[in-house]
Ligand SMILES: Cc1ncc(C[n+]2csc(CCOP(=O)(O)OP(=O)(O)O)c2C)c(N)n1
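Single chain ahead, written as structure tokens, the form predicted on its own.
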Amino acid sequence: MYRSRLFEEQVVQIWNDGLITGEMHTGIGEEAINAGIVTQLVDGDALALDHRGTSPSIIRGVDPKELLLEFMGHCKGLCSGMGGHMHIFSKSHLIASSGIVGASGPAAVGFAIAAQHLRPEKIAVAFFGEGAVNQGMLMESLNFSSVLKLPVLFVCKDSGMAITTQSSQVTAGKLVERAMSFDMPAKELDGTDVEIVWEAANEAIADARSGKGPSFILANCKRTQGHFLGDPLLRIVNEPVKELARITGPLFKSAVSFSGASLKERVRSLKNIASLLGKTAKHRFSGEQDPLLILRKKISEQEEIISIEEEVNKEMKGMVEEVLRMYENNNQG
């Protein structure tokens, strides 16, 4: 968990330095979900990932140097610099990710069908956010996997936010009940506690391996980096004076305009904006649901924690220095 966290923190820094272009979605805050599940996989198991595939890929054993080079568009990256962070592919690890919302569902179904025919007792895991559960192809994947009793574990990482919209405003009913309607076991749990995740996943994975079919886990979590780096809600929270100065004028102009929505609707919209900012600030500055802090409190051997973190710090520092040298030499060439 610490290794994947530190790697993504290095990615954040390099992105801020302008050496990684385009959007960057991190999984900081999802480490307990990723570690609690991915560490139980064996050779031949497959991972279908969403646009936050960095952390599970690191935990699965993908070379962090190849990942970072990929993010930087380098020809020696994992996918020759052509996939970026949202389209990770590793044949040796049976990992495939996509930036298309909900696409991990069909990908996992494909992996699972292949496992049934070619790799008995092997499984597929699909990772996705709660917003993706409203996508038709994910619903079809749940149905199809249940009908064929496919060895799939569907993992929904619920942060309560679908990009910049509160999920409760766009999703009806309870997702666990929705999954159960497809005749598969479904469970909601605390996705910030790796032990809780591990125990639930252990049972679901055993069922999949034994031919009992798919399962669904809804893991609640919090992400401190927002939907992506540079998230507009986080910018306002981090630099309120600067950012509010840019949007206050347009907001006021819209609020007092003679045309458009009714006064009641405008007030409701302003309340929604204020609510979003408040929720974002709470997520950003509250460390209570940090999976690493929760795990540290459970481990009595503090010297062991220090030793592990020192080793990882040394590894990541050396890796980043090497990648930056390769990047610089490539640009000079």
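Quick note: we count residues from 1 along the sequence shown, nothing fancier. Since this is a predicted model, take the numbers as computed values, not measurements.
Only in words, not in the display: the form predicted in complex with the named molecule, which the text now covers.
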* Asked: Does Q135 reach the named molecule in the predicted bound form if we count a contact as any heavy atom within 4.5 Å?
  -> yes
* **the named molecule contact in the predicted bound form: H74, any heavy atom under 4.5 Å** => no
* Is M161 close to the named molecule in the predicted bound form, meaning a heavy atom pair under 4.5 Å apart or at it? -> yes
* To do: Could you confirm whether D231 comes within 4.5 Å of the named molecule in the predicted bound form, counting heavy atoms only?
  => no
* 98 to 106, 206 to 214, 254 to 262, 173 to 181: which one contacts the named molecule in the predicted bound form at 4.5 Å, heavy atom to heavy atom? -> 98 to 106
* Pick from H93, K122, H227, K222: which residue has any heavy atom within 4.5 angstroms of the named molecule in the predicted bound form? -> H227
* **Interface residues of 129 to 148 toward the named molecule, as seen in the predicted bound form [heavy atoms, 4.5 Å]** => G129, E130, G131, A132, Q135
